[in-house]
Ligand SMILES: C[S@@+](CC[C@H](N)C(=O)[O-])C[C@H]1O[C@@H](n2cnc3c(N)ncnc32)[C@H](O)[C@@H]1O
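Presented as structure tokens, the chain that follows is alone, the form predicted alone.
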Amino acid sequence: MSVKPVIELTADGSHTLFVPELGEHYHSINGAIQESIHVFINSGLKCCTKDIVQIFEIGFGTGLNAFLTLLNANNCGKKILYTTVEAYPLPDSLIQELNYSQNHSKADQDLYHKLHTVDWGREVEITENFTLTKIKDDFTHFDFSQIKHNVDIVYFDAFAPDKQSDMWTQQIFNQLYDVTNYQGVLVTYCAKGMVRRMMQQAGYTTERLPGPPGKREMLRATKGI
């Protein structure tokens, strides 16, 4: 992206980024934090009963999903092994302006910024409960052999299909299905019928769930039920 994203305030008081080139936001204008908690934490992470959870995220972006997952892991005692793919890392100057951690302790604020400052392409222990591997790559050409272990949860947080259609293809969902563990889930804010059908064609069992504020539905896909 050649144009710097613009910070905007959402309905719950948290920031999102607007990308002029795509005419798209990183998170919902109806509440960025609310959306992330609803879609990825409550509908994804909290549905996994394992003590050690492998998470694969498409679209690291602002690091909001990773930050909320880290906080949840620290609170519940789960150990999270978190792998994320991002083609366009945000500049540190922009990260410093985002307000996701401002109502948290200084220690948690430091953890949020650490998520962004650790090296790419290396497994890093952020806390004893959260290990992060950031991969700088174009997901449309991603080599899935870079994932060391099959995953329990996929956070599919790419830009919308009408903005970035090459991120929502049958081949990609087939590949994700192959690296998903039995009874693992894929969660996304998107509820489009064509996306649901691609998930089903890949082998997932899909369900429409109530969406976050401002959105009627979202999708959760499960392997092996």
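For clarity, every value in this text was computed on a predicted model and none was experimentally measured. Numbering starts at 1 and runs along the sequence shown.
Note that the form predicted in complex with this ligand isn't included here; everything after this is about it.
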{"query": "Location of this ligand contact in the predicted bound form, chosen stretch of 179-187, 41-49, 55-63, 195-203 [non-hydrogen atom, 4.5 Å]", "finding": "55-63"}
{"query": "4.5 Å heavy atom contact, E97 to this ligand in the predicted bound form", "finding": "no"}
{"query": "Y88 within 4.5 Å of this ligand in the predicted bound form, heavy atoms", "finding": "yes"}
{"query": "Heavy atom of F173 within 4.5 Å of this ligand in the predicted bound form", "finding": "no"}
{"query": "Partner proximity in the predicted bound form: D137 to this ligand, non-hydrogen atom cutoff 4.5 Å", "finding": "yes"}
{"query": "Residue among M167, I37, A191, I29 with a heavy atom within 4.5 Å of this ligand in the predicted bound form", "finding": "M167"}
{"query": "Partner contacts for 153-169, taking this ligand in the predicted bound form and a 4.5 Å heavy atom cut-off", "finding": "D157, A158, F159, Q164, M167"}
